[in-house]
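Just the one chain here, the form predicted on its own, laid out as structure tokens.
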């Protein structure tokens, strides 16, 4: 069930002096079971991109397809009422399959208890109470929330726990794609590692596809299998983390950094140390230095 973007563009305020091209002729495919990181400076177009995946924004030009079916194309000749009904049904189906967790998702919490907040989406699907309760328990376990928190107010929880409740609420819809917009913003290092580590394990265990927007080069290098770099509304790089971070100079020109260990590796190479691969982590650096000095 891939998501395909074909020559997608989006313009804010078209026809006005304030018009801005947020995306320009973007063609991408997001596949099942992969963990993708999206990077780009503020205003690069990455948030517009992920909102399109969830159907919150319709392209100005181009087409988006989920499992080969267009988000917005319908048979000609449909009456207005039929068309509106079909559009609503299509968007509902898309949002069940493509779950979006916004930045600072705790601001979206509103129910009196953790269980009710997680159950909100499944309840709107009209599922039986037994199925809803099972999904609440399952998704709390997935994100590492203890069962005794079910009847607590989500507003009494820590920042990291609130994030987990919000993510559990999206997971309860059983989407094929989980889209996360800066899910660790404002958290301390321990909270950040807890959230991302849990998401990585979740992706490996359930094979859900994860699309992660992040400003942290360390995080995308550590957790993702593929990185898409967005700059001025266009896709500049799309590949494995090691391939993307080889373009250090271009990334800096885009206003982005590279992982600290990658930077250190490049500097050591400049000093003549025979490091062969682009280094992404402390563990890789230690292994590379062992290989150099054991020769």
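Basically, rigid core = biggest C-alpha set you can superpose within 1.5 Å across the two forms. No experiment lies behind these values; they were computed from the predicted model shown. Numbering follows the first chain given and starts at 1.
Not pictured, yet referred to below: the form predicted together with a small molecule.
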As a check of understanding, the residue in 43, 255, 239, 62 with any heavy atom within 4.5 Å of the small molecule in the model of the complex should be identified as 43
Only one of 106, 117, 182, 219 gets a heavy atom within 4.5 Å of the small molecule in the model of the complex. Which one? 182
Region of this chain that lies against the small molecule in the model of the complex, out of 34 to 42, 242 to 250, 258 to 266, 66 to 74 [heavy atom, 4.5 Å]: 34 to 42
Is there a heavy atom of residue 215 lying 4.5 Å or less from a heavy atom of the small molecule in the model of the complex? yes
Using the partner position in the model of the complex, report whether residue 279 sits within 4.5 Å of the small molecule, counting heavy atoms only. no
How about residue 20 - does it come within 4.5 Å of the small molecule in the model of the complex, if we only consider non-hydrogen atoms? yes
Hey, in the model of the complex, does residue 48 get a heavy atom within 4.5 angstroms of the small molecule? yes
Using the rigid core as the reference frame, would you say residue 274 shifts its C-alpha by 2 Å or more between the shown form and the other one? no
